[in-house]
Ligand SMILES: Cc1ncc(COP(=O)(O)O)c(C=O)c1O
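The data below hold one chain only, encoded as C-alpha cells and taken in the form predicted on its own.
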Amino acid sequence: MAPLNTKKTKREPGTTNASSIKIPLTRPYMNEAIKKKVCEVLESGYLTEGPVTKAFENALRDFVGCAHAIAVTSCTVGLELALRALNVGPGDEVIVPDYTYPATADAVAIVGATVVLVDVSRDSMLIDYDSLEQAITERTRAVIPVSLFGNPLDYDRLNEMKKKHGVYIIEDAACSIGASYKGVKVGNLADISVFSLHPRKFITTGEGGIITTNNPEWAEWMLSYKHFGLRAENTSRLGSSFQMVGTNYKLSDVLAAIGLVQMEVIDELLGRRREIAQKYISLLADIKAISLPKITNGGTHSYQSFCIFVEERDEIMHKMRASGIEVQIGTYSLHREPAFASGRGCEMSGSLSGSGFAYSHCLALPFYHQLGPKDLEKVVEQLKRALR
C-alpha cells in the first residue's frame, strides 16, 4: 500500500482542543498518487464533472457489481434524487430508523413527504424489522433503512416486506462501501442505494455521494435531473435537449480524482480496516463493562466506524478526550431533535427505546488506516481507566 498521510480531518463539534489530541477519531487515506491525480486535473483546465468523475463512477460500479453508479454532491442529495426518481412526495410516507444522522430524514422532508420514525434493534442499532412492518400503512411509499457504520442489513427480510406491501427500498448506505450480505456487496441489494464520500468515510472525495441501482429508467432520470434536466437525444440542437426542470448535483473532476485513486486500493483499505477491528475485538474481550453491537447474520462488516456500548457513555467520553483520545457518540436519536418533533412533517411509531439506548450508550473509538498496535493498546488502556 502507498505511504499514508498524517493530516487530521475536521473534528466533530464538542471534541477537545486540537492541540490536546494525540489519537484523533479519524484520518483520511491520502498519498502522493492522489495529490498527483488532483494536480493532473488542475493542470488540464477541465475542473467540472468530466472524464475523471466518469472513471470514478465506473470504478465504484464495477466494485459493487451493479448496473449504474451516479456521482453527486453529497449522500443527502443522493437520497433526495432517489426519492424524486420514484415520484415520492407530498401525501406519501417514508419510514426511517430513528437512530441515524439527520440527513436520512432530511431528504424525505425536502421532497415534501412525511417522515415516519421507527425503532432500531438494541443489539445491532439497525432498523427493527418488526417495528418497520407495523409502521407500514397504505400511504407508505418507501423505506430508507440504514446500513449503519458499515453493518449490512437483512435484505432477505426487507425484500419480503417489499413484495408483501409494495414499498420501495432506498438504502442509506452512507457508511457501507465494501460491506456485503451473503456474498453480494451493499449497493447491489436495494432498489436504490446511496453512499457517502464525506471525509469520515474511507473512500472520500471531501464532500460527495454516489448512487447505485440496477434500474435503467431510474438511473437515466437521476442522471438527467442532476444535469438540469438535460437528456442526450438525436436533435438538431447538438444532440441534446432539456426534457424537464432539474438542478446541478454534479461532482467535479477535482474531487472525483481523490476517490478514483482510493478505489485502486480499496481491497487493501478494507483489509486493513478489518484487521484493526479484529485487534480491537481481541483487546476488548476481557472488559466486562463493554459490549459490541451485533453483526447481521450472513453479513460482512466494512467497519466504517468501530463502536462499543458502555454505561455512563458521556462521562467516559469526556475522560478519554481529556487524555488525548478523540472519541465520539455514534449518531443521533432523531425524535430528540427539534427538527423532527411530531407534527412537523414527522410521525413517530412505537416507543423508540432501542434508539434511546443506542444514543445514550454507543461510543465510537478512533478508527483509521494508520492506527498501529501501540495506538490501539493506548486507546484500550485509556478506556479501561475511564471505566474505573
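Start at 1 with the first residue shown and count on from there. Predicted, not measured: the structure shown is a model, and the values here were computed from it.
Another form exists, predicted together with the ligand; not displayed. Remarks below refer to it.
Checked against the ligand in the model of the complex, the candidates Leu255, Cys75, Val186, Ala71 yield a single residue with a heavy atom inside 4.5 Å, and that residue is Cys75. Checked against the ligand in the model of the complex, the residues Cys307, Val94, Val146, Ala85 give one hit for a heavy atom within 4.5 Å, which is Val146.
Figure note: of the listed segments 280-288, 241-249, 119-127, 201-209, the one touching the ligand in the model of the complex, with heavy atoms no more than 4.5 Å away, is 201-209.
Although the partner is absent here, Ala174 is a contact residue: one of its heavy atoms lies within 4.5 angstroms of the ligand in the model of the complex. Among residues of the shown chain, Tyr101 is one whose heavy atoms approach the ligand to within 4.5 Å in the model of the complex. Contact check for Asn151: no non-hydrogen atom falls within 4.5 Å of the ligand in the model of the complex. Proximity of Ser196 to the ligand in the model of the complex falls within the 4.5 Å heavy atom cutoff.
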